[in-house]
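Quick heads-up: the structure tokens below are two forms of one chain, split into structure 1 and structure 2.
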Structure 1
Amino acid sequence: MSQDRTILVCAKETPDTYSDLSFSASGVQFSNPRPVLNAYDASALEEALVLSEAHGFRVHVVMVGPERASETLRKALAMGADEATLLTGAPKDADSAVIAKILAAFVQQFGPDAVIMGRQSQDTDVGLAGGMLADHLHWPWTTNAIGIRFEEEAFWVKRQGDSAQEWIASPMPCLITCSNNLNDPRIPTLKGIMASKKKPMHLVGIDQLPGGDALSTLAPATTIESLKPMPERAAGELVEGDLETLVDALMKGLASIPETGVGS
């Protein structure tokens, strides 16, 4: 239970995908212009804080983003993280591969005992950065965590698979990606918000990381060419009325799908 042990939480900010969305010439606009902490990363941070309370880890949050993102990062400190680093100067339109390379350089320099992060971004749902980072680091990794324990000097992760769940133990250092279904992230208290103002937040240009020159010029190999409204599903029929009418409509609907075996 050494205070020197650190969990690094990798987080990003995303648009507030709960707010209303509209299309404009420059892409997609949200009615809430303020970016938010990615919900999956908030779950990762919550889990790191719980582990810290039980086992004395320090919790450090790192984010790749523009200077403005320090506001979102401050929220992570208000939730209870001890320290934060904002990595600035990433190439424009960086994709997961670029972000993973930047994070790998930071992790190698920083040397945490574990990396915990969200399993995907709530805006694009890509979900690649964790696996990429783990492979660069040559660390054991576990994805889609719905439970985490620290036991016998290892991180035990309950992973939700296609069917069934599994408990996988990984020695340190290791990487874990979190589902949002393992906790409800805490809301910062007023005290937390006050305290966050005094906590250290480091702004580091990615050119200062090991291999930094190469990092600043990385070109993304995937690009988003266009964003369009989803093709609408043709509006269906809405049936109201007495029970007989409703059941009749349902029976017809079910019988129109051969796989139900209804009416055959």
Structure 2
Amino acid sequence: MSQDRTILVCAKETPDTYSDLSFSASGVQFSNPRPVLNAYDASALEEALVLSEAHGFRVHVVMVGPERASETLRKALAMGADEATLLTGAPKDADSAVIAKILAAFVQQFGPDAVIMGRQSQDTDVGLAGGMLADHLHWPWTTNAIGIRFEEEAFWVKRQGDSAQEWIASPMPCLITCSNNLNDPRIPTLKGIMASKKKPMHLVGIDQLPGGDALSTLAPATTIESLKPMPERAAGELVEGDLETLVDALMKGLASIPETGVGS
């Protein structure tokens, strides 16, 4: 395969969700404020690297974020990506719709053969950016990938549905969103870390993209009015006795559940 073929991995910088958190009027505070590469995107990057090793794709990683995010993006290069671009200047509190429009402008200018990204981010779990990006590009889109292979000029995606798994063939160019059950992302080696310092890292303002003036003034379509921790669950009740007693207790318990609480 020609080395000119490229997989573009869209990545996001997120807080380390394994750290302790607290809530206040200003939002969420993490005990470890150092950001990390979104776990779902790390799985997408790992799969892109595997495809690169097997078929010769170049792997380019793009991220929307502030200049300080270059440190997180550098980890993608240390894992094995060939090149990276950080898109700066996004509007404050940009939501999925804004991010998708910015990425669409970059993808249209860049022209990759495929875009691979996580199905959602580990901080908000919204999972909308991939579908919105595919819609802007008018590309075939496969979700929740748990396996990807490249055969006969197409990407074959094994996806996890609600009750079964299926294989879907997507011609190039296409977009694939990945489950974090797809693989175990590699840990950068010392050699990879040293090599990453010499790999191209581009800082591009979104005003330099096609339609950049409009991108710079985009406003999020959603706003967060408040954040609060989930309420603690009420303690369970242990019921002992014969079958009739247990069934009677179960029926009384079910009858006490508000209608809005069932299936919520």
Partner chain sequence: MRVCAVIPCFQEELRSSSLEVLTKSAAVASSSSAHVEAWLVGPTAEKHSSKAAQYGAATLRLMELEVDSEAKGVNVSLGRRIVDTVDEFMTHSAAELDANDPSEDSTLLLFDNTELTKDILGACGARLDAPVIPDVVDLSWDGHHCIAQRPTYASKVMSEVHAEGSVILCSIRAGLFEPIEKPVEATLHRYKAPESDLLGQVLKELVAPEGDTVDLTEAPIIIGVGRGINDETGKDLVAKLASLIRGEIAISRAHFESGMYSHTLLVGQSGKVVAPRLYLALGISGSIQHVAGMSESHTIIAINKDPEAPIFDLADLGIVGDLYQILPALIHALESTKA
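Throughout, rigid core stands for the largest set of C-alpha atoms superposing within 1.5 Å between the two forms. These numbers were taken from a predicted model, which means no experiment stands behind them. Just so we're on the same page, residue numbers count up from 1 along structure 1's sequence.
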Seminar exercise, completed: Same chain, two copies; the copy that is the form predicted in complex with its partner chain is structure 1
Problem set entry | After fitting the core, E53 CA displacement of 2 Å or more between structures 1 and 2 | no
For this session: Spell out whether the Cα of A219 moves at least 2 Å between structures 1 and 2 when the two forms are superposed on their rigid core.
Result: no
For this session: Examine G236 after superposing the rigid core and state whether its CA is displaced by 2 Å or more between structures 1 and 2.
Result: yes
For this session: After lining up the core, report the Cα displacement of A249 between structures 1 and 2 in Å, one decimal place.
Result: 12.4
